[in-house]
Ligand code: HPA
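Form predicted on its own, single chain, as structure tokens, below.
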């Protein structure tokens, strides 16, 4: 089964853009209290479309792997937590810790453990369907065999599916700061394993200077080989709107990861709605953030009819953690009703790359869940 959900409400406006939004009334909701809503969210069948394997390593998992591989950093949980706490704001500050923790993965067993452990966490969050990003290039560039990477991930995924009764698909990502030749080389290495990989993505950074159009030919080949296509378009990045338009009109991506800067372009909003292109939002929160990021942007886009879903991105690296807790925090900040939250989840299932019949089964189950719990009974 697979499902989907939706949030909505306005807190306060942080940007001039949201002056119009501030004039809109918050959606009404008749919840039975925070505990009741939290239980509703916890029990909701969920889909997650924007989740990085390398960002799901818990501090304890990182330490276990570093000791097994004889690595001379991250030798204690406290050291990992300090690295997280010391990150500078912005994408590049985030990547400083993320890339260091990612690099503890070195063997097929490491990739297996990371993936199997992730599926347990998905089960704990009642995520019944997921599409998981993984980035081969940083590993193959260090001499780790692509076969070891994909076989570890795929075996961990399949064992996790059998153990926990959920479905997980894989999206292989281009590291945008690397060369086009490197991306083509990754596709070549993956060719023998393409039945294990559902889609091709684009992540890492910096984004400015590495636009989607840089990899147009790579995406074209990937499409010919049967991959679905998506790509990251982070918030508060120079030329983000230009990059989203490139992805729609020239690269022909099927989904946009993040993409929330669309709030600044009414024509782009209309085009996203017209084409039915979904944004995989990730309203994460660091311990130093005064509030969850991007709540107002998501509310505004949702109100305009854009398909937006909620996703945890790198749950081990943000205070918001995995999807259930993220959704609880989002609901508290947005004031969204049960129906609103289910709408956002419906978006996730709709935007998934599931076969249509399976997608409909998940959507029916989600609607049944809402109907059973809508009045708090």
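On a predicted model such as this, the values are computed, not experimentally measured, just so you know. Positions refer to the first chain, counted from 1.
If you look for the form predicted in complex with the ligand, you will not find it shown, but the lines that follow are about it.
Since only the chain is shown here, I'm wondering whether residue 258 would be in contact with the ligand in the predicted bound form (any heavy atom pair within 4.5 Å). Although the ligand is absent here, residue 258 would touch it in the predicted bound form, with heavy atoms inside 4.5 Å.
When the contact criterion is heavy atoms within 4.5 Å, does residue 300 count as touching the ligand in the predicted bound form? Contact with the ligand, no.
Contact flag, residue 204 vs the ligand in the predicted bound form, heavy atom cut 4.5 Å: Flag for residue 204 set to yes.
Looking in the predicted bound form, any heavy atom of residue 52 within 4.5 Å of the ligand? Yes, residue 52 is a contact residue.
The chain here is shown without the ligand. Which stretch in 183-191, 76-84, 263-271, 227-235 comes within 4.5 angstroms of it in the predicted bound form, by heavy atom distance? Flagged stretch: 227-235.
Exactly one residue in 198, 248, 95, 178 has a non-hydrogen atom within 4.5 Å of the ligand in the predicted bound form; which is it? That would be 95.
Answer with one of 71, 218, 91, 170: the residue that has a non-hydrogen atom within 4.5 Å of the ligand in the predicted bound form. After the contact test, the surviving option is 91.
Heavy atom within 4.5 Å of the ligand in the predicted bound form - qualifying residues of 320-334: Nothing in the stretch sits within 4.5 Å of the partner.
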